[in-house]
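As structure tokens, one chain now follows by itself in the form predicted on its own.
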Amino acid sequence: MSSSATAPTIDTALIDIVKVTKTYPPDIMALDEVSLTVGHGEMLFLTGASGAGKTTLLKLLCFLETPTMGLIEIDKRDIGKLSGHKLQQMRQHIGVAYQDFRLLPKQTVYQNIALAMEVRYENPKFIKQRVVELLADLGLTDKIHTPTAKLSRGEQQRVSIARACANRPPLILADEPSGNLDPAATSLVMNLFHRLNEEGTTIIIATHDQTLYQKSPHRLLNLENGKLQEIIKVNFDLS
């Protein structure tokens, strides 16, 4: 298939990426005319070798990078034209589980997750309930008052994922979410993602981990040398 992969129609799209190119000095081509449409409520897996452009694509979708060329629309809004308050509002509707976690190391697990809701002025009672719920989902209940600097990398990764999911955002971007996890913890994370997806959240997962998608019915796209080359047809067993 060519570098364009579009399953949903524009009318049902949450994300529409049109011929996006991203280059870094001096002449590094991270993405090369990538086009992609992602529907409301879709779960999508993005794979490819290190340096293929997966993280760059996620950074473009959460405004950490801007495209060199091309158009990105989220919910029919050109994000290249957003600034100030409108951009901040859009950011609050995207949950990001970063590959490098980006936690506040001196703050507790509770404080790191709660912060995502506090910036939206959620009710403190609701915040506490949601944090406790997420920590139970991810097997971290006993770490609630632990500073994140004292956690293992796998625990930090799960805290980052909990923070991304805290507000039940309409869009979640997860960059290598199982990179530091054992199979049991990976299962907890994917159960959480699948439950949120069933509730209507759109989720894009960039991963090297074949176990996340090998039995999944969801779309699997492959990035190679900055090009979105094909939709890989996955045979899956529902028995």
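As the structure is a prediction and not an experimental result, all values here were calculated from the model. All residue numbers refer to positions in the sequence shown, first residue = 1.
If you look for the form predicted in complex with a small molecule, you will not find it shown, but the lines that follow are about it.
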**Request:** Report yes if any heavy atom of residue 202 sits within 4.5 Å of a heavy atom of the small molecule in the predicted bound form; otherwise report no.
**Result:** no
**Message:** Is it the case that residue 53, even though its partner is missing from this view, gets within 4.5 Å of the small molecule in the predicted bound form, heavy atoms only?
**Reply:** yes
**Asked** With the partner left out of view, is residue 99 within 4.5 angstroms of the small molecule in the predicted bound form by any non-hydrogen atom?
**Response** yes
**Asked** Quick one: does residue 212 come within 4.5 Å of the small molecule in the predicted bound form, counting heavy atoms only?
**Response** no
**Fill in**
In contact with the small molecule in the predicted bound form (heavy atoms, 4.5 Å), from 35-43, 22-30, 189-197, 66-74, is stretch 22-30
